[in-house]
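This document opens with one chain alone, in structure tokens, the form predicted alone.
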């Protein structure tokens, strides 16, 4: 099954429903499919081996995605915010591609041996002048639909291979065909090169929910667009949600106007701190919240904490149930998830290990034939995330395995310390990392952003952590900052923070720096 079939089904059953755009102007399902056919003719004409989308989100993005699938070439949205040399190197590995970029960026692609370079506007104009291709799209489920470059912490990112069967399996297993009401609209604020951006297009078109695009995220801009476009559904990462709540929360200077049209908010792309979701549930009690866990290599979500799970946990006096606000819920019916030790042995509830997953939507394949699957023929993909199940089958994901802090032989989860810091009334954001230490091997270091008007020192916050947890969790350094380092999708970049706090920790241990706190 080709992903174009999703658009074809929507165009056949609801041709006049708007697929992407504003309330007053947008592409209907029928027009989207027709333009995808025109784009396919253009792509074949150029002889391109890939379609590279190096631009901000626009209504032309789904045209390029479905057009590439129709033409039988992989669609590769790339991070257009990369430095020129890195962007050229990344695109250069994809062969003679059709490159689509924002206006004014054409010179960036000069060194690339591309089949064609077009701005988004030029691509749209070229599509207008072509007739829709008469060739059918391929039904080969093994064809490569999308290449997504993962955000590696060192060296060049790897290109995750998502075949048509992976993406269609995810969509068919998680979305009801045209199940959305005609007034529903989903706000997409993640960039095109994020798996959530690709999944939003496919699930939106198949499910019948209009897509509203926010090319560049800002909390005030997000709130304004959600209100003006009467958005009903949206997906954010936890750091985005925190900043959105600040815009509407009168307790911290927000406007207090709420989000009247919003019915459903999902979060993913990072660990959801319990204090953040508790605050969100309090400010938006009528909104259905979902916390999802997935990876690029799994075609999006593989586990979900449902709205019912959120409300049950929030209202429970049982600490085990209440703690589930910090979980990612239970596996989707279409996948299997297992937690295993370093030898690959499955662990029982309460035991931490690496999260493994398998299912039709799971790829685990990278361009160049590298894989993160063990050579056992059983189809499991190793996520490199640390997690554990509780007795009720709820999955907790603590972060990347290489983020676990090993202090004197004891494994410490950064997440529990972050939650403790966020429970302080003066802390708006918190991030915890392990830094090298000659005595302990690793020690805990933290960076926090304070709420407006808050007055608290790093030493007081370290004492707060000890009071909430225990002395081994005490940060040796708490740095108060105006902001935390995040990438283009709003995810915290702990590698940068680890380097910066590590350098600070080693400087302060010398006789020339006496004060460990700010």
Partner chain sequence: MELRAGMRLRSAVDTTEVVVVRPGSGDVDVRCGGAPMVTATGPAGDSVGEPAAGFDAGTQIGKRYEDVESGVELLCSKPGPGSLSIGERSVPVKETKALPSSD
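Positions refer to the first chain, counted from 1. Please read all numbers here as calculations on a predicted model, not as lab measurements.
Not on display, but discussed next: the form predicted in complex with its partner chain.
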Q. Candidate spot 46, 80 and 108, all three in 4.5 Å heavy atom range of its partner chain in the predicted complex?
A. no
Q) Out of 400-408, 435-443, 305-313, 216-224, where are the residues with a heavy atom within 4.5 Å of its partner chain in the predicted complex? A) 305-313
Q. Wondering, does residue 112 line up within 4.5 Å of its partner chain in the predicted complex on heavy atoms?
A. no
Q | Touches its partner chain in the predicted complex: residue 123 (any heavy atom, 4.5 Å) | A | no
Q) Is there a heavy atom of residue 429 lying 4.5 Å or less from a heavy atom of its partner chain in the predicted complex? A) no
Q | Partner proximity in the predicted complex: residue 423 to its partner chain, non-hydrogen atom cutoff 4.5 Å | A | no
Q) Which of 249, 360, 84, 416 has a heavy atom within 4.5 Å of its partner chain in the predicted complex? A) 360
Q) Among the candidate residues 318, 346, 391, 139, which is the single one with a non-hydrogen atom no more than 4.5 Å from its partner chain in the predicted complex? A) 139
Q. Though the partner is not shown here, which residues of 189-205 have a heavy atom within 4.5 Å of its partner chain in the predicted complex?
A. 196, 199, 200, 203
